[in-house]
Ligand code: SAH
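Encoded as structure tokens, the following chain is the form predicted alone, with no partner shown.
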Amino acid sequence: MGVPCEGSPRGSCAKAMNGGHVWIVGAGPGDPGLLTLAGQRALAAADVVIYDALAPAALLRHAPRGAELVYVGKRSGAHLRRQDEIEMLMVERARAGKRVVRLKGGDPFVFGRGAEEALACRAADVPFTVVPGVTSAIGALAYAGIPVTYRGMATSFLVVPGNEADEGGASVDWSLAAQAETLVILMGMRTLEENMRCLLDAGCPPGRPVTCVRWGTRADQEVLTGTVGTIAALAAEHGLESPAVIVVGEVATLAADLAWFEPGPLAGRRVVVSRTREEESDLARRLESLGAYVVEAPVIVTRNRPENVDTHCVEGCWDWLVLASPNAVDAFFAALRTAGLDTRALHGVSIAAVGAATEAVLQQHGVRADFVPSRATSEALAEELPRTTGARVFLPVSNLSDSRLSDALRKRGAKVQQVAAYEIVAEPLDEQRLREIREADLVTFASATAARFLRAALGDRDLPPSARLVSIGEQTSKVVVECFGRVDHQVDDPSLDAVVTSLQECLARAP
């Protein structure tokens, strides 16, 4: 049951083959690209992912379809679950034979309580592997152009916790901290004024440079500079809050010359993308490349129903296989595999894909579409599909699909068999995701179902009045209005480029 474990401790893979295993993985400081290859491999093979608030949610895309995702919400001052509960959860899942990834922000052994979790595994005789991550003590500062060491300026650095009030936390030796060439303080924003006062009392000069880096390495990174004597007042004035890394020392002055990270045009904007957990979100990746902080709201779960698809009737019985969504492609080929068939069963059958996204998924199965309409809509597909008179059309859809496409094809003389090849059910969202959705600048709705399911997931809570609500297509807009009372913009061209352009324009007009 183990994953490929190059670089793992000797023997851990062999033990994992016989039962459950825990991987304690450092997720890095915020930029999803800073996850290590070992961390990615662990996530790709996980049965269960237990993740913190500071672990980038985008990394959950690496988890397999069907993996259990458990949010435990550990952040300074706000813990959804106690540490002992998290350790018990890890052990229970591993003892049940599960491959468990404990995904933690930064590095698990740098004030991350990873050692405590490893010891809990050892005490329970559960095999574990530690996958180091890029610590924010170095990574966040590097994105702000601040090296922790610099020849002739600092040959060493000291990392200390700033939240001495944490249960079981050891007291910081501030006399030692005041003498450090480079001092890095983690988890210290809530006690910033107190920490600076401790440094001053220990003899640190009030004019010593200080920089605070909030959400370091993320697109919404914020940097604030000052001195030991001024930084607390400046942070209060600018409303700078946790999480942030604080660096004290002359190296902080190098940021003026070494700052290199350029947030994109959507930096600081929060965009909600509603999708299924099973789908890879190309839209999310494009928005992230433009600097947006993307909140993925997987309110939809798809479940293939191969028993509904009579695949043995495809060859010789149908002239067209019409695929109206990427999910329909996956569901149909899952039915083929279940029946012990492959693409040879499609001999003599022409295949239509509703648009580029559906065609791309089709190509992943080794098949090219014979027809793609000029617009990626069911209406265009029904209007433009050639050779429909007398044609036998096989149409795999979801359990929630209506008959508009099949009715339109029948009006053009086709004989259509529509089957529910997969079902769509609602997926509940954890409190962290719901909180992020309610802080969004823009919410996208890719389908009417996504709108209904997001409305259900929010319960009696509502979206902020300042958030722009953007729908894709007329039918989706109608349902968004039913669920949320308004639509601020409708995208009529569902192609990825058109959607991204429209979202940029909406955000540019937003206050």
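Quick note: we count residues from 1 along the sequence shown, nothing fancier. Quick caveat, the model's predicted, so the values are computed rather than measured.
From this point on, the text means the form predicted together with ligand SAH, which you will not see here.
Using a 4.5 Å cutoff between non-hydrogen atoms, residue 105 counts as a contact of ligand SAH in the predicted bound form. Of the heavy atoms in residue 245, some are within 4.5 Å of ligand SAH in the predicted bound form. Contact check for residue 274: every heavy atom lies farther than 4.5 Å from ligand SAH in the predicted bound form. By the criterion of a heavy atom within 4.5 Å, residue 110 is counted among the residues contacting ligand SAH in the predicted bound form. With the partner omitted here, the residue from 67, 448, 457, 54 that has a non-hydrogen atom within 4.5 angstroms of ligand SAH in the predicted bound form is 54. Only one of 437, 329, 187, 94 comes within 4.5 Å of ligand SAH in the predicted bound form through a heavy atom, and that residue is 187. Only one segment in the set 150-158, 335-343, 416-424, 132-140 has any non-hydrogen atom within 4.5 angstroms of ligand SAH in the predicted bound form, and it is 132-140. Contacts of stretch 209-224 with ligand SAH in the predicted bound form, defined by any heavy atom lying within 4.5 Å, are made by 213, 214, 215, 216, listed in sequence order.
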